[in-house]
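Given as structure tokens, the chain that follows is alone and in the form predicted alone.
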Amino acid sequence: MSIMKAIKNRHCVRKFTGESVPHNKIIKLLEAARSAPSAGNSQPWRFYIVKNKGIQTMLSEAALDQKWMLTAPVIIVVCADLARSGEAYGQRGMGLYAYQDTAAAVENILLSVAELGLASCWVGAFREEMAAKALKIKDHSTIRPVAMLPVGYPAETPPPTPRRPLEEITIYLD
């Protein structure tokens, strides 16, 4: 699949068949994630692969009770390692680069999900402390959950999401 086709085919899916995702596909998603660019090649990310239904339930509760997440056989939680970014870039690394870098890793996962015939939805609305507790992160002041990605085979095909016209969002400075 071309990169543009993956970009155009990627949609947020909130209902999954429940069919398990093969381990080799999860590895491909993680390989894509760790291939994302990062400031100074610091790679300040951690990936929690959650298949345990009890932990998934805690994550869905942390995500403002989004029960649809429980239809996914796996939830990937992407965390930012602030200390790792801070080693090279100080406060700017901890307060900005770590989040930019993890966002790039998330997007790589989402594009790879589309390529592999899977589906996902970027969940960013959640109570961070509850998510960290579910993942047993001891010090979530340095390892911060940034995104939850329920992943599975789609049980729905949502219509394309409308996008703002280029003329509305683009400024050319000639």
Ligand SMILES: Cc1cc2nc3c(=O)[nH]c(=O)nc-3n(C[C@H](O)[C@H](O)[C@H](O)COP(=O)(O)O)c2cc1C
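Throughout, we count residues from 1 along the sequence that is shown. It should be emphasised that the depicted structure is a prediction, and the values quoted were computed from it without experimental measurement.
Omitted here: the form predicted in complex with the named molecule. The next part is about that form.
Enquirer: Just one of 135-143, 66-74, 32-40, 52-60 has heavy atoms within 4.5 Å of the named molecule in the predicted complex; which?
Expert: Among the listed stretches, the partner-contacting one is 66-74.
Enquirer: Might R10 be said to contact the named molecule in the predicted complex, defining contact as any heavy atom within 4.5 Å?
Expert: Contact with the named molecule, yes.
Enquirer: Report yes if any heavy atom of A125 sits within 4.5 Å of a heavy atom of the named molecule in the predicted complex; otherwise report no.
Expert: Judged by the heavy-atom cut-off of 4.5 Å, A125 is in contact with the named molecule in the predicted complex.
Enquirer: Can you tell me whether L118 touches the named molecule? I mean in the predicted complex, with a 4.5 angstroms heavy atom cut-off.
Expert: Residue-level check for L118: no, no contact with the named molecule.
Enquirer: Verify the contact flag for R14: yes if a non-hydrogen atom of it lies within 4.5 Å of a non-hydrogen atom of the named molecule in the predicted complex, no if not.
Expert: Yes, R14 sits close enough to the named molecule in the predicted complex that at least one of its heavy atoms falls within 4.5 Å.
Enquirer: Pick from T161, S20, T157, N24: which residue has any heavy atom within 4.5 angstroms of the named molecule in the predicted complex?
Expert: When the named molecule is considered in the predicted complex, the option within 4.5 Å is T161.
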